[in-house]
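Single chain ahead, written as structure tokens, the form predicted on its own.
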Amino acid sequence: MADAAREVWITGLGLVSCLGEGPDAHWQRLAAGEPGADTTSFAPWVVHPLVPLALDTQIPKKGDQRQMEPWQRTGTYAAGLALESAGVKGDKELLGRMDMIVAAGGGERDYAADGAILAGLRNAADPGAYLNERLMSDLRPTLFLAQLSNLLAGNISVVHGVTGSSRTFMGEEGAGIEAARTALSRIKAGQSDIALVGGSQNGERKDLLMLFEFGGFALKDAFEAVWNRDAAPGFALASLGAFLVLEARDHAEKRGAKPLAKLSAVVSDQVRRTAPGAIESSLGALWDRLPPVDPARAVVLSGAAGTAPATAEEKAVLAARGLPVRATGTFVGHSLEPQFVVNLALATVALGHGKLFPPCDPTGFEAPFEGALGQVVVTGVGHWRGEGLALVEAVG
């Protein structure tokens, strides 16, 4: 079967977050045990803000920058870094047949328009008519278009010339899992040779913080490591962008590209979480679908958000498997749609160094690992739905 025989390499990596830009900056902060949480800018909520970016280096036209919202600029920037890393930036022939799969949420609110409408609504003689009138006059067509999730893929096409097939997935954490799974499956099946996969989020948004506060999901008042949030569960929203270039081994070798790592498997599920243990059962079945994992050289990079009960159930599964674990959300926060790709990228960074970064967990759940790193199991458990696992391996 072509699906079983075709090896898929990660040949490009673009990553920006609160820890910095690129693999080296991220490794330095991970190795030093320095999370990037901000507890004051959006108090009482905790966020992980994006570092400043020199946008001109990846989005040279000011007009392009102006018409994008922050999450689109972040994603387009990270995509440019990934293409640069893979050595394909500016290669019109290759970019013209490169597939693109993006995980994205909706666009950002116009706070001024929202505030004005809500203020006027209180005293309106006919609230329904007033609301319709203001929505028709205050919301510009360009503002509406900027909310479309596939605008990130469109901007990447315009700025970087990636013009093969394009897909955009929505659906919070599950979107990122499915984006990676679909890209991998298409390349393994011979339907694609090279693909750009990833996403971005602007977590420094009052509307998102309000939304997740209403659901009881937002971390607030004090920052704690992911495994130390039992008393006050929640996730810290993150601003970040992550893209990977996935490529068939034979295609990469033909153009002389070197692998950063091998993406061996991505498996996904979405169970009804109506009874305790549903997540544990799902992750157990998914783990059995992965290729063999060598406990002497394998670790887990967990995408646990810190929410209840999802994080507790994931922790139980990981404890039973016995591999050293690191929760990346402690360092970079939680970004929903792109979170799974972020963790694939961080797994690739660790494999490039051949070792795991130290624990950052006062509970002691994260055990030291001094061995030579060869495999990373990446987990993605949505804060309220969607489960997935991946296996990323060293090449050679």
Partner chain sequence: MAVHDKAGRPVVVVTGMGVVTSLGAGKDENWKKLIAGQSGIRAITRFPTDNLKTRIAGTVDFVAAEPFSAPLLSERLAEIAAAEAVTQARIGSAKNFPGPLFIAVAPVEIEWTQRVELAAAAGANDQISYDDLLRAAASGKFGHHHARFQFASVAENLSEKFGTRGMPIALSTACASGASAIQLGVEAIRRGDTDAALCIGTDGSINTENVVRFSLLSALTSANDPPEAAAKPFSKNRDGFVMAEGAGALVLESYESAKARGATILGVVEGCGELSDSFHRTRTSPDAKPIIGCMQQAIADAGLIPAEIDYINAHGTSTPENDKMEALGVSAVFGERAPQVPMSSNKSMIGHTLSAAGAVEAVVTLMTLDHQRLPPTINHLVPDPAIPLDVVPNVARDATLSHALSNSFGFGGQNVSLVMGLEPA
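In this text, all values refer to a predicted model and were calculated from it rather than measured experimentally. Residue numbers count along the first chain shown, from 1.
Below, we refer to the form predicted together with the partner chain, which is not included among the displayed structures.
Across the options 119 to 127, 246 to 254, 312 to 320, 222 to 230, residues that bring heavy atoms within 4.5 Å of the partner chain in the predicted complex belong to 119 to 127.
With the partner omitted from this view, the residue of Lys262, Lys89, Arg297, Arg109 that lies near the partner chain in the predicted complex is Arg109 [heavy atom within 4.5 Å]. Residue in contact with the partner chain in the predicted complex (any heavy atom within 4.5 Å), chosen from Glu280, Glu204, Glu172, Glu84: Glu172. In the predicted complex, none of the heavy atoms of Val46 sits within 4.5 Å of a heavy atom of the partner chain. In the predicted complex, the partner chain stays beyond 4.5 Å of every heavy atom belonging to Thr74. By the criterion of a heavy atom within 4.5 Å, Val349 is excluded from the residues contacting the partner chain in the predicted complex. Contact annotation: Gly105 falls within 4.5 Å of the partner chain in the predicted complex, judged by heavy atom distances. The candidate spot formed by Gln28, Pro35 and Glu93 is out of contact with the partner chain in the predicted complex: none of the three has a heavy atom within 4.5 Å.
Residues Asp64, Gln67, Met68 are the ones in 64 to 81 with at least one heavy atom within 4.5 Å of the partner chain in the predicted complex, listed in sequence order.
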